[in-house]
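In the form predicted on its own, a lone chain appears below as structure tokens.
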Amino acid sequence: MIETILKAIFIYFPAMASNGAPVFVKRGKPIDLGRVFIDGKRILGDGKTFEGLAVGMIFGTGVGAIYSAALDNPYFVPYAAASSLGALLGDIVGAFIKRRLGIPRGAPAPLLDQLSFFIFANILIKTLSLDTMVGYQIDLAIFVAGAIIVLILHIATNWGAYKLGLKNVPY
């Protein structure tokens, strides 16, 4: 059980790093360029920026570069880049859904906030078979452990970011 938890943390750390990194960007150019969708609401909102996307990719891919150097496996860089891109796209899709549901920026959307990035990271990793390329097969046990870890860490890191003044709300 402990081995599964440690593998899940290791496997999903690039996605978690990339998902958490955009909080360090205070302002930026919104990805939706301020446009509204056919429902008259913003497509994504001001919280999803090009700068946040870039910082997320740098953090997550940076984790992969560290893994590659430490484990002498160059495949961790594309693995982490895909995992990071999946995580960021998942977060963007989550924001799009929240706007359609009328949930304001920063307001909680339980499970959607925590798992959209995780699910999209998995989709990219598995679609490109990058988990097997780096030598770590994501099976059901690792996926479930990862989901539980993400739920717990999401709550803890958001609270920590709030206490550090990086976020205006603790969720």
Ligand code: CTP
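Note that the coordinates shown come from a computational prediction; the quantities given were computed from them, not determined experimentally. When you see a residue number, it is the position in the sequence shown, counting from 1.
Below, we refer to the form predicted together with this ligand, which is not included among the displayed structures.
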Contact stretch among 142-150, 101-109, 120-128, 66-74 - heavy atom within 4.5 Å of this ligand in the predicted bound form: 101-109
Do Leu53 and this ligand share at least one heavy atom pair within 4.5 Å in the predicted bound form? yes
Decide whether Ala82 counts as a contact residue for this ligand in the predicted bound form under a heavy atom distance cut-off of 4.5 Å. no
Could you confirm whether Val25 comes within 4.5 Å of this ligand in the predicted bound form, counting heavy atoms only? yes
Distance check, Val134 to this ligand in the predicted bound form, heavy atom within 4.5 Å: no
Site check Leu44, Lys48 and Ala95: each within 4.5 Å of this ligand in the predicted bound form by heavy atom: yes
